[in-house]
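Just the one chain here, laid out as structure tokens, in the form predicted on its own.
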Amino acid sequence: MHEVAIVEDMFRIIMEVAKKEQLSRIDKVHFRIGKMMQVVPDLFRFAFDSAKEDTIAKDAELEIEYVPVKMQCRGCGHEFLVGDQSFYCPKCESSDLDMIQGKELLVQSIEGE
């Protein structure tokens, strides 16, 4: 259950940004999370709801955008989305790959006043 640690770290960032921007209330937080981060949505939401209690984000809405895993083959240069945990190039069947996206863990935006 690494979701709690992730949310705690993210909340430090959220509160720093809120302080810097002089927000008195946070209405919405939008996260971008790569599929390779293996975040369980229900656990992430539970951790977020727990972390926001007694803060200026206590009524904040959580929005999560999941980013699919995208690879590029080092052999043929083909770019493709990984759909079923098959980490080989569908064009030349090489397993020599670079990850282009899918490990994101970002606070994309914070809305508030």
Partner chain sequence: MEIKVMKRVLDKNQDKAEQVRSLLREKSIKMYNFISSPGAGKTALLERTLAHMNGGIRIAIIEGDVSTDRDAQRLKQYNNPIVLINTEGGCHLDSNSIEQALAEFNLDELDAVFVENVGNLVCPTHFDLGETAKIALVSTSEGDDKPIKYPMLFRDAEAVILNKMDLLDYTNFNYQNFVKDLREVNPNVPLIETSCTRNTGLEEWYEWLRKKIGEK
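Residue numbers count along the first chain shown, from 1. Since the structure is predicted, the reported quantities are computational estimates derived from the model, not experimental observations.
The form predicted together with its partner chain exists for this protein as well; it is not shown, and the discussion that follows is about that form.
> Is there a heavy atom of Y88 lying 4.5 Å or less from a heavy atom of its partner chain in the predicted complex?
Replying inline: Yes, Y88 sits close enough to its partner chain in the predicted complex that at least one of its heavy atoms falls within 4.5 Å.
> Looking at the partner-bound form in the predicted complex, is F31 within 4.5 Å of its partner chain by any heavy atom?
Replying inline: Yes, F31 sits close enough to its partner chain in the predicted complex that at least one of its heavy atoms falls within 4.5 Å.
>> Can you tell me if M99 lies within 4.5 angstroms of its partner chain in the predicted complex, counting non-hydrogen atoms only?
In response: M99 belongs to the contact set for its partner chain.
>> Taking its partner chain as it sits in the predicted complex, is M71 near enough to touch it, meaning that at least one heavy atom pair lies within 4.5 angstroms?
In response: M71 belongs to the contact set for its partner chain.
> Going by heavy atoms, what in 99-113 lies within 4.5 angstroms of its partner chain in the predicted complex?
Replying inline: Those in contact are M99, K103, L105, L106, V107, Q108, S109, I110, E111, G112, E113.
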